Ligand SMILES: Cc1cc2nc3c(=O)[nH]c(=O)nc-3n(C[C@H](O)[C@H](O)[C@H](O)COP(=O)(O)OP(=O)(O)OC[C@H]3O[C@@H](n4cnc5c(N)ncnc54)[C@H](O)[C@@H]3O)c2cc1C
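One chain follows as C-alpha cells, the form predicted on its own.
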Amino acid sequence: MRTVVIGGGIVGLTSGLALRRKGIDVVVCERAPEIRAAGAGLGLWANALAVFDDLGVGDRVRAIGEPGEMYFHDTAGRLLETPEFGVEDHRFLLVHRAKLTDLLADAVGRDNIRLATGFAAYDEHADHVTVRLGDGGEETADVLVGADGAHSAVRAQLVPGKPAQEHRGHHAWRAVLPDPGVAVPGNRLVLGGDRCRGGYVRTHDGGVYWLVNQFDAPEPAGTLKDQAMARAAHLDDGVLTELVRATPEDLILHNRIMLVPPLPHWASGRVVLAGDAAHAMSPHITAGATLGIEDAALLGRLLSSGDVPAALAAYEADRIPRYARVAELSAAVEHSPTPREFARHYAAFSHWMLTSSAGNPVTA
C-alpha cells in the first residue's frame, strides 16, 4: 500500500510514522522549503505519549520535554482546586514544537519527505487516487491523507464550502524565552479578569514558555509586546509581566484563533483528513495536537487491514462523534462564568479525554 500525506507538521509526520510502522509506503509532502514548526511550546497529554510509545519514539519525546501539571490559580495566587479529579487528570509534558517536528521527521526518514512540494488537487478513482502537486508532478497512491492544517487545501476539495472561521475576539500571545533573566519560582497558570488567562512553564533546557490568551478581545493595537503586556496586567502576576517585558519583540507570536466548523464527513473512499484539517479548535483546552496525534495512530491501525474504503469509513465513524463531544466540553470551559468553574470544566475535559482515548483508559 502507498500513502501520500499532505502536511509536514506534527500530525502529518506522526501519520507518516504510524503508517510506516505498519509496513505502508509513505511520502510526506510539505510546501515549505524545510521542516519547521509554527508556534512555541506544546503540551502533550498521556494519550499522545502512549501513541509515541507505540511508535517507538516515546523515550525520545520525553527527553525533549518537561513534565508539568495543568492547575489554575486566581489572581491572588490561590489554587483553584478540583478535588473530584485526580492528579493524573492534570499531568502533561511540555515540549518545543520545533524540536518535536525535527524528532518526528528523523523517525519518518528524511528520504520519505518531499519539501517545497505543495498540494494542488487530487483525482479519486475506485482503486487509487492521483495526487497533483504544486510543482506539476503527480503521485499515485492508495490513500491521500490531508494533514495540512486549519486552512487545508485537501479539505477544500473534499468538503467544499467549509473554510476555517475566525473565533471572534479570541487571541493568543506566547513565546519561549531561552534565557529569561527573571526569577521564576515555579510553573503558574492564572485565570484573571477581562476574560484573560495566561502563565508560564519552565522548559527542560532552562528556558520559560509563557502565554496569554483573551476571549472577547478588542482589536489589538500597538506592538506585540504592548498587546501581551496589556493582557498580562489582568492576571496580576509580576513574574508574567517581567517575562513578557524581557522577551524580544521578534520572539513573540500572536495568533487570531481560527476554528474549523463541524464537517459532514472527514473521508471519501480514498481521501481522509486528520488533525487541524478536520477539527482545528480553540487552544484554550491545549489538546489540539494531542487529539491530532490520536487521529494519526487510529489511521495507522485501521489502514493496516489493507481495505482502504472500509478503514476510512471506520475512522470517520469513530472520529466525528468523538470531536462532537470535544466541542461540547471545550465550550463548557470557554463559557465558564467564574475562574473556579473554568478550572473544574477544564479538569472534566482532560479526565474525559484521557479515560476515553481510543475507547481505552491510558496512564501517564
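Computed from a predicted structure; not experimentally measured. For every residue, the number given is its place in the sequence shown, counted from 1.
Unshown form predicted in complex with the ligand; subsequent notes refer to it.
Honest question, do G8, R31 and A289 all end up within 4.5 Å of the ligand in the predicted bound form by heavy atom distance? Spot residues vs the ligand: full contact, yes.
Name the stretch: of 76-84, 273-281, 239-247, 219-227, exactly one has residues whose heavy atoms fall within 4.5 Å of the ligand in the predicted bound form. Stretch 273-281 is the one.
Since only the chain is shown here, I'm wondering whether V159 would be in contact with the ligand in the predicted bound form (any heavy atom pair within 4.5 Å). Contact with the ligand, no.
Classify G109 as contacting or not contacting the ligand in the predicted bound form by the rule of any non-hydrogen atom within 4.5 angstroms, answering yes or no. Looking in the predicted bound form, residue contacts with the ligand do not include G109, since no heavy atom lies within 4.5 Å.
I'd like to know if G192 sits close to the ligand in the predicted bound form, meaning any non-hydrogen atom pair within 4.5 angstroms. Answer no; every heavy atom of G192 is more than 4.5 Å from the ligand in the predicted bound form.
Classify F119 as contacting or not contacting the ligand in the predicted bound form by the rule of any non-hydrogen atom within 4.5 angstroms, answering yes or no. Within the cut-off, so yes.
Since exactly one of N255, T130, N187, Q165 fits, which has a heavy atom within 4.5 Å of the ligand in the predicted bound form? Residue within 4.5 Å of the partner: N255.
Those residues of 51-88 which, in the predicted bound form, come within 4.5 Å of the ligand by heavy atom: Going through 51-88 in order - heavy atoms within 4.5 Å of the ligand in the predicted bound form - there are no hits.
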